[in-house]
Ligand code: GAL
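Okay, so here's just one chain, in structure tokens, the form predicted alone.
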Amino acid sequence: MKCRFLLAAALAASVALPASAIDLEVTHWWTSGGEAAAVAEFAKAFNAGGDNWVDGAIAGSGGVARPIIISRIIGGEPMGATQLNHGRQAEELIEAGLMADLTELAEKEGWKDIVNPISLLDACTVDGKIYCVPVNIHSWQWIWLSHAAYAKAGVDVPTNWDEFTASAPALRKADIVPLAMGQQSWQTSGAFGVLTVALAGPDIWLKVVKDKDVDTVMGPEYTAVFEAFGDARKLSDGANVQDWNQATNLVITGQAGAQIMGDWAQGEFQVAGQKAGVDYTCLPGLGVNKIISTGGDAFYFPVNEDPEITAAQLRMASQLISKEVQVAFNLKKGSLPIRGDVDLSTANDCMKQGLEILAAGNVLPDGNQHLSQDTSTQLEDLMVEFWNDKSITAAEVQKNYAAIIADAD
């Protein structure tokens, strides 16, 4: 009852400017050039409202940052707000009563009428209550191709995955790495998912990720994907980079022909001053299945007994979903807004492709919405081992993949 009273009082207080600035530490893992430019838009809006954004950036990927974030919350040292991916990553924290319930604010502002697709808000909902605010739609389903690399190789920029693999010898002859890939496990696992959706199709992918169908993993469609992914391993020889944005930079500088990566890569092209359709090409669904996945980022707010901090948390939540902030942030992040009622006339060609696919309803849920963090981590570890150890056969990794899916929760 006390917490409910404090939340109601904070909600009332959140509609007005604060009497004095409230410092709110915000943890996130947006540290690349494009990401830093995007998150600065959130900080700018929060500070303009009279509060103070205390940046708690954690270097590295989400796989590095999430355990730190979760450990702090469980250990009684919560931040004011934190980025996570909407899905099942905060499930245990919510069940433990450690995340603030945003339902009253969401109902007051009509989030169910704003968020598009509604599955993003569903991914923030547990037992009918809303615990996070989705801030963007990020899709893994892209390949990015360097015009400079293909000009040097003397071949046309590919329009689909088959053309890309066929272009690899010409790129090698020009001393260009065909496929840029970093050494973080989530990169290889993510790329495998993209290849699966493109080559086997979304329905087959859903049978495995959503329905946990082991027979489908061992079926002919997945066999073809594992074999294609096994062949693709050779295309990244010579990349020698760790982080995803370093791999993106190989494409930007023409040292690599292409990269399979989510649309957050657009932020890096933008910071580098490159223009979509002129300096690089983007192919949704690897040019095979034009579809986007509706993953992305969300902000959660750990429970706090101080009503002033709670009020500041609600002010931030409201700002994150506002029209102006949605446009400013997503134009720099390379992601799509979670609102369909904003003006994105200045979006680049790649973002416009994404918006058209979204409007047509050609979307998939993100894997995080169906797989627990434990299952995702197991798959990531398996796929990075397969990618880096060419002695492992496609048949072997397929069998191990099926075993993980069989035990998935």
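Quick note: we count residues from 1 along the sequence shown, nothing fancier. Just so we're clear, the structure is a prediction, and the values are computed from it rather than from any experiment.
Only in words, not in the display: the form predicted in complex with this ligand, which the text now covers.
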Does this ligand come within 4.5 Å of a heavy atom in each of Thr196, Phe226 and Tyr401 in the predicted complex?
no
Proximity of Gly267 to this ligand in the predicted complex, heavy atoms at 4.5 Å:
no
Considering non-hydrogen atoms and a 4.5 Å limit, does this ligand approach Glu35 in the predicted complex?
yes
Does the 4.5 Å heavy atom contact test between Trp244 and this ligand in the predicted complex come out positive?
yes
Report yes if any heavy atom of Arg339 sits within 4.5 Å of a heavy atom of this ligand in the predicted complex; otherwise report no.
no
Heavy atom within 4.5 Å of this ligand in the predicted complex: which of Asn85, Thr281, Thr294, Gln326 fits that? Just give me the one.
Asn85
So which of Asn52, Asn362, Ser372, Ser61 gets a non-hydrogen atom within 4.5 Å of this ligand in the predicted complex?
Ser61
Select, from the options 340-348, 379-387, 25-33, 354-362, the stretch whose residues sit within 4.5 angstroms of this ligand in the predicted complex by heavy atom distance.
25-33
Which residues within 163-199 place at least one heavy atom within 4.5 Å of this ligand in the predicted complex?
Trp186
